[in-house]
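The chain that follows stands alone, in the form predicted on its own, written as structure tokens.
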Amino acid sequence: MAFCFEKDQLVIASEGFLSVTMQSIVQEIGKPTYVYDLDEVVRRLKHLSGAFTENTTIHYAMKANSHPEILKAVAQLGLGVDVVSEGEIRLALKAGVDPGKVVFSGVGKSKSEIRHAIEVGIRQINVESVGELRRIGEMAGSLKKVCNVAFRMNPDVDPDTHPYIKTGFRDNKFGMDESALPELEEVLKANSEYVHLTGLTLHIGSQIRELESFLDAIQKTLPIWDHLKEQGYPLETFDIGGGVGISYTEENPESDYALIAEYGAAVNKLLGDRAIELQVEPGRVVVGRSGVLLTEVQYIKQTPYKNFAIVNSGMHHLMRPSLYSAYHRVEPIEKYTDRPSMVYDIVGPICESSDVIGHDRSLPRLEEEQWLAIRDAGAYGFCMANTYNAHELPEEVVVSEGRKL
């Protein structure tokens, strides 16, 4: 059931278990805290697993949220992960993820990262450039270990999302277009003993709610898969990336489930009767709605022009509003029906004018030392937090089956 109000208290409600109130968490911890509903994470992972063909592997994009309890849940479900650094590989394996279910993405893989990936035997490295493929060949040859690779193709699709999180357009740094294939094939032939091309991959961006861009990208890439297959390459996998978004403005999370089901049905139809292992890399849609950031009002500052609610969290704890002008709902953790509404800018303590969590928010009159919840903060929240101005990192709490883990 994720986050909801019971008796005017914001809680995590789990069927058959006592609800955990946000008030109990702030009373115990008393400083900015991310709270995650692990049961909702598991529910979404199971829903994703059932939305696509039987021959599908879910690789959770752990850059969205790499909390150990979330990674353990992924491992216990027998799912995989999509990683973008050696550090993420190490976190995944420590949590029990099978290395054979790890795919490694990212444009800037270092020699040490590639070496580590080959040594621990991950499923595949998603290649982003000819130079990277050469480096993989050198490292695999020196280790005398086979490395499976998938070429990340750039389908030149321009999705409807923030420009900073578009990754499949021709102006982006990610992936390769068809013109790179002859050179890539030359490098494969030169390193055929230890480098095996086993698939293709694509990823066009993040926080995308319209399916046309996804389907267009797949339609543009499948002919390349068919061509390479006809050339004799033993292709097995087709990785369609992640990027399915959530609605940050509405309360009803069921819209996410409907979108996933529609996406899965459309992808299954596009693949047709090809003998393909489908790989999917969901991130935000798994954890975004499953987390809140709790923050305390420090001061109410009224000027002739604005009312400010100054809180003890901000862009150092949640970068999305300042980085992407992203919207997050903000509400008190207790409902107040007897207070008049007022309009506030919710701002943090950082010495930057961009440290604004939300502009012009209508809320019941706020008071100092009152706690607020920044909603839908489970993705790209704590993992992007920092200690700018020498502030402490926020705390993290994971809740499952009515208890804090």
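Quick note: we count residues from 1 along the sequence shown, nothing fancier. It should be emphasised that the depicted structure is a prediction, and the values quoted were computed from it without experimental measurement.
Although not depicted, the form predicted in complex with a small molecule is the subject of the following passage.
### Query
Heavy atom to heavy atom, is residue 63 within 4.5 Å of the small molecule in the predicted complex?
Heavy-atom contact with the small molecule at 4.5 Å: present for residue 63.
### Query
Any chance residue 281 has a heavy atom within 4.5 Å of the small molecule in the predicted complex?
The answer is yes: residue 281 has a heavy atom within 4.5 Å of the small molecule.
### Message
If we define contact as a non-hydrogen atom of the residue within 4.5 angstroms of the partner, is residue 316 a contact of the small molecule in the predicted complex?
### Response
Result no; residue 316 lies far from the small molecule in the predicted complex.
### Message
Considering non-hydrogen atoms and a 4.5 Å limit, does the small molecule approach residue 384 in the predicted complex?
### Response
Answer yes; at least one heavy atom of residue 384 falls within 4.5 Å of the small molecule in the predicted complex.
### Task
Could you tell me if all three of 105, 243 and 380 have a heavy atom no more than 4.5 Å from the small molecule in the predicted complex?
Judged in the predicted complex, 105, 243 and 380 all sit within 4.5 Å of the small molecule.
### Task
Please pick, from 263, 324, 308, 225, the one residue with any non-hydrogen atom lying within 4.5 angstroms of the small molecule in the predicted complex.
None of the others qualify; the residue that does is 324.
### Message
Quick check on this chain: which one of 152, 289, 109, 123 has a heavy atom within 4.5 Å of the small molecule in the predicted complex?
### Response
Looking at 152, 289, 109, 123 one by one, just 152 meets the 4.5 Å heavy-atom criterion.
### Message
Based on heavy atom distances of 4.5 Å or less, which listed stretch (217-225, 175-183, 202-210, 110-118) is in contact with the small molecule in the predicted complex?
### Response
Flagged stretch: 202-210.
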